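For reference, the chain that follows is the form predicted alone, supplied as structure tokens.
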Amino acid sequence: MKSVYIHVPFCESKCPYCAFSSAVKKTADEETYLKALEAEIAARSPLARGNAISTLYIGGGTPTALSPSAWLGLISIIKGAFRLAPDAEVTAEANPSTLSPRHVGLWRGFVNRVSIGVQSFNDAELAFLGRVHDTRQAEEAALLCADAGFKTSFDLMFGLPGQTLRGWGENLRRAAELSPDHISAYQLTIEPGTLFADLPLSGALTDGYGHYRFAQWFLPRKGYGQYEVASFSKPGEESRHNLNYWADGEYLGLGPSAWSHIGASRSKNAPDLAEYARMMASGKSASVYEENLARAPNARQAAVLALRTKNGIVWRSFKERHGKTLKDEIEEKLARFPKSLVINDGTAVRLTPAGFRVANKIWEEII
């Protein structure tokens, strides 16, 4: 086991576009969460023993919604259960509205990478997205983390209603000026079960094709190479944790709604904190769903994950893991696309920058 993910299920408020499992924190929630998480870690941490953990990701939700005292407890639990590699990548997600100097002080010597949910440097766009921070707070959060010596990553969102190409370019320019190590650019989509899903927004969304293409042009000129569909980084600053996901690697997920991939099995924990806590208190597994990854549909999903990255599908390892028949089938389907979109050099097949722009269409052929 090389990667561990820990889910923090709290937010200061629920963003209308968010489909992740999270809720506004109540008074006793932190204690309930930490007690249940500690029980799950005690039961499952043996799965991660033997080799040192190379990546640890604390996400959510909003991890900075945890109080400093809860963070002290969380760090103590993690250190008592896992052995981190000397060069381990330890990431914490942060919201500019809840990140404080006290968080940063507690993280020193433990966390070394902070993923900041900036989303936009335009206050009107932030208000539309239901974010509780403003541009000034986003900039202050970025500077606070950089001054503390953390590597930083920004999440940015495009395709918002009325968002012009000039406005998106201004977001990218301001992000680059703050010089994070990593930038993720996501198109706004309306997910089922979100607050936005109940609004007539679909027809109002901006066509994000031009925005995405501009990011592909602009960010490399500022030193950020594209290594995944939505991810750009300075040289050597790729997210190692996410790369393990896209390589279909194993990972242990802990906390409400967390997914795990161990051996040929993938499982999901109960998403509701109260249910998760009851299951842990009764000594049961937190898992509410499990599937066998050895089946062909999941092998095709592994192919799609690989095609998200600039490395693509490495044929030799894919064939060894999933068999020659499926390898040949996928190779045949990808051969139907022009070389301007898909390049197959016999060793690996990967999408070009133009291919990334129509990736959904290509993935549909495989799935």
Partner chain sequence: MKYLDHATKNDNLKKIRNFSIIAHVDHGKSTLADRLIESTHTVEGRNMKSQLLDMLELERERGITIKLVPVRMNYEATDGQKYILNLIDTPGHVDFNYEVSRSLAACEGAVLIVDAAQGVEAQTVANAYLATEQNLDLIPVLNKIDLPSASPERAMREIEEVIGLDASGAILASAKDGTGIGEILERIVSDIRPPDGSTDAPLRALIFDSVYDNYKGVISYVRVVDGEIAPKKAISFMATGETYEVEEVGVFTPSMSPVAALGPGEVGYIVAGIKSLADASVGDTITDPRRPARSPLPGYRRVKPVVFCGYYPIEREEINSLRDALEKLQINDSAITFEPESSAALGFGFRCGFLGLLHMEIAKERLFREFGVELVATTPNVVYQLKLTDGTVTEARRPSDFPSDAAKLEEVLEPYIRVTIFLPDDYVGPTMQLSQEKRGAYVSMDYIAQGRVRLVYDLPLAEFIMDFHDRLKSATRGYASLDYEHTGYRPSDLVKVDILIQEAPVDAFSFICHRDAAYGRGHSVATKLKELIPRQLFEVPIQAAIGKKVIVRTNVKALRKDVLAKCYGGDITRKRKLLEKQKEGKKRMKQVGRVSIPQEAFMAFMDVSGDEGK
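Note that the structure is a prediction, hence the values are computed from the model and not measured. Residue numbers count along the first chain shown, from 1.
From this point on, the text means the form predicted together with its partner chain, which you will not see here.
Joint contact, Ala39, Ala81 and Trp107 to its partner chain in the predicted bound form, by non-hydrogen atom at 4.5 Å: Contact check failed for every one of Ala39, Ala81 and Trp107.
Contact segment among 65-73, 320-328, 303-311, 39-47, judged by heavy atoms lying within 4.5 Å of its partner chain in the predicted bound form: Within 4.5 Å of the partner lies stretch 303-311.
Its partner chain contact at Ile343 in the predicted bound form, heavy atom, 4.5 Å: Answer no; every heavy atom of Ile343 is more than 4.5 Å from its partner chain in the predicted bound form.
4.5 Å heavy atom contact, Arg266 and its partner chain in the predicted bound form: Yes - in the predicted bound form, heavy atoms of Arg266 and its partner chain come within 4.5 Å of each other.
Heavy atom of Trp217 within 4.5 Å of its partner chain in the predicted bound form: Contact with its partner chain, no.
Ala348: touches its partner chain in the predicted bound form, heavy atom cutoff 4.5 angstroms: Although its partner chain is absent here, Ala348 would stay clear of it in the predicted bound form, with no heavy atoms inside 4.5 Å.
Residue among Gln187, Ser100, Gln137, Asn112 with a heavy atom within 4.5 Å of its partner chain in the predicted bound form: Spelling it out, the residue with a heavy atom inside the cut-off is Gln187.
Stretch 351-367 - residues with a heavy atom within 4.5 Å of its partner chain in the predicted bound form: Read in sequence order, the residues that approach its partner chain (within 4.5 Å, in the predicted bound form) are Phe356, Arg357, Val358, Ala359, Asn360, Lys361, Ile362, Trp363, Glu364, Glu365, Ile366, Ile367.
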